[in-house]
Ligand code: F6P
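Presented below, as structure tokens, is a lone chain in the form predicted alone.
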Amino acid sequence: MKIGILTGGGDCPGLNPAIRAVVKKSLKLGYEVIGIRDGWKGLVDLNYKNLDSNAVSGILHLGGTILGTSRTNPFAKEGGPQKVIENLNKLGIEALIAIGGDDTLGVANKLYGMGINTIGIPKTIDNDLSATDFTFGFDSAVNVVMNALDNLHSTAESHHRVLVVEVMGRHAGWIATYGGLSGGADYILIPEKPFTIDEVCDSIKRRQSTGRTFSLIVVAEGAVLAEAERAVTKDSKIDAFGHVALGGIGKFLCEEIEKRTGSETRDVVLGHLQRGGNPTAFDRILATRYGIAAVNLIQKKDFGKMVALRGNQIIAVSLEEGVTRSKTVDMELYEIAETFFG
């Protein structure tokens, strides 16, 4: 059997361990593995490479993806899906493993509806896929935020400054909540809970009144201003999946806080630092377990599924369930974080 594998959407730590697991397990079963380059773009352009043991040797600890990635959506191009199917047939691929978030797996689900044998592996640093407890990439991103806050704490305290740290999180504030809570943030702003600038400033003033002359504010890029009822965007451009470019909430908050409190304030945008670097042990193991489980589903010919983590068990859910809705932050967890605000 020939298996195809691709990585789509934003890169994140854990992709290479997942690829490695798929290849190693497939070879033990006597399957051939073809790596599709640059996500769905590689199936439109017929760009691929064969993957053997040598190709995945020494990649467990590496961030990024040896296959490359893109945000290509074949369903946004005229004749795109037909081209993908045509090229899958040319390559003799009998089953396709797509590793990605809701956009990438949404394409896999549509192709499954067109008769293609697809399996999904969930990855996104945002951890916002509802059918799984965790996606790989998330833990690594949270550790980047936590370490950044650890480093920023001393400079904020030394200069008596407010530091506003902008992190990723379009519709869900998992990174902000976990990163902020583990890094000792003094206030956390997430898309799930619209906020007012006065609330943030009042918290800073309360800290100052008790002699704490600095504050660390963590804000997800998709955080919503209650006054404006929308997130701050960079511009009006949209990508192939219809997403606008978010960003700028940190700078906006920085200016407002300094104006309203008189505190010297700086903004720090972690940006793609959250996607880069080596995967944590948790993500290496989770990605490996997902890769093995995906091949097991192919062996059983149980297609149209996404592997998922529930508790400590790897299960299979339908791709449809995997991409139907976003998973937002548990408010009980956010309430724990609120204990430490102000």
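Since the structure is predicted, the reported quantities are computational estimates derived from the model, not experimental observations. In this text, residue numbers run from 1 along the sequence as written.
What comes next is about the form predicted in complex with 6-O-phosphono-beta-D-fructofuranose, which is not displayed.
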Check each of 180, 169, 100, 137 and return the one that places a heavy atom within 4.5 angstroms of 6-O-phosphono-beta-D-fructofuranose in the predicted bound form.
169
Answer option from 143, 109, 72, 124, heavy atom within 4.5 Å of 6-O-phosphono-beta-D-fructofuranose in the predicted bound form:
124
Just one of 55-63, 306-314, 271-279, 31-39 has residues with a heavy atom within 4.5 Å of 6-O-phosphono-beta-D-fructofuranose in the predicted bound form, so point it out.
271-279
When the contact criterion is heavy atoms within 4.5 Å, does residue 221 count as touching 6-O-phosphono-beta-D-fructofuranose in the predicted bound form?
yes
